[in-house]
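The chain below stands alone and is given as structure tokens, in the form predicted alone.
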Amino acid sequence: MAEKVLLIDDEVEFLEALSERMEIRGMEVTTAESASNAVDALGAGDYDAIVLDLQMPDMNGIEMLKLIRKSHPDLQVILLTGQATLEAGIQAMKLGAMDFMEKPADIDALTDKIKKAQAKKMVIVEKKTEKKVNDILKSKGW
């Protein structure tokens, strides 16, 4: 099953190049070059992973991560940045980011992290489904 990825970055050339490289590896990629486009994409699609730029002009990655965690707590977010700092990495991980990588990201390492994100999301969905089934069985008294 192809991994569904939302790639958010304000650098259009980087976005297009990374998107193409990910699609060559069999992923379904949706791109957003601004925070507002990302919010629209989040409302319209279901993703296994989000690859998010830390520095964007309309909203930084930390603020976007907070918004994503609030509205889609099960989504796995990988932050990408060209200006990594230890503080930003720690803050991102505390807010629930799955990982934090520096640009230019090694495409094989990024692909591996996206596959792990998909697997993690599947486990979360299975646990939620199991809980729902158990709750229904208990409420019906079967």
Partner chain sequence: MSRQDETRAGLRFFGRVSASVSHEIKNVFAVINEAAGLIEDFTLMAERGMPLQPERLKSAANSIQGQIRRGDAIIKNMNAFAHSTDEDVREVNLVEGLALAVALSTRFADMRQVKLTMGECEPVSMVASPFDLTRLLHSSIAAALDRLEAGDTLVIGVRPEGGGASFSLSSPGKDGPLRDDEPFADLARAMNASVSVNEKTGTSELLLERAGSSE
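Remember, predicted model here, so these are calculated numbers, not experimental data. Numbering follows the first chain given and starts at 1.
Just so it is clear, the following notes concern the form predicted together with the partner chain, a form of the same protein that is not shown.
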Worksheet item: the partner chain in the predicted complex: within 4.5 Å of a heavy atom of each of I24, T81 and A105?
Response: yes
Worksheet item: Looking at Q91, T111, T31, Q55, which has any heavy atom no more than 4.5 Å from the partner chain in the predicted complex?
Response: Q55
Fill in: E130: touches the partner chain in the predicted complex, heavy atom cutoff 4.5 angstroms
no
Practice prompt. Answer for I124 alone: is it within 4.5 Å of the partner chain in the predicted complex, judged on heavy atom distances?
Written response: no
Worksheet item: Using 4.5 Å between non-hydrogen atoms, is A119 touching the partner chain in the predicted complex?
Response: no
Worksheet item: Just one of 71-79, 91-99, 56-64, 111-119 has heavy atoms within 4.5 Å of the partner chain in the predicted complex; which?
Response: 56-64
Worksheet item: For the stretch 7-37, which residues lie within 4.5 Å of the partner chain in the predicted complex by non-hydrogen atom distance?
Response: E11, E13, F14, A17, L18, E20, R21, I24, R25
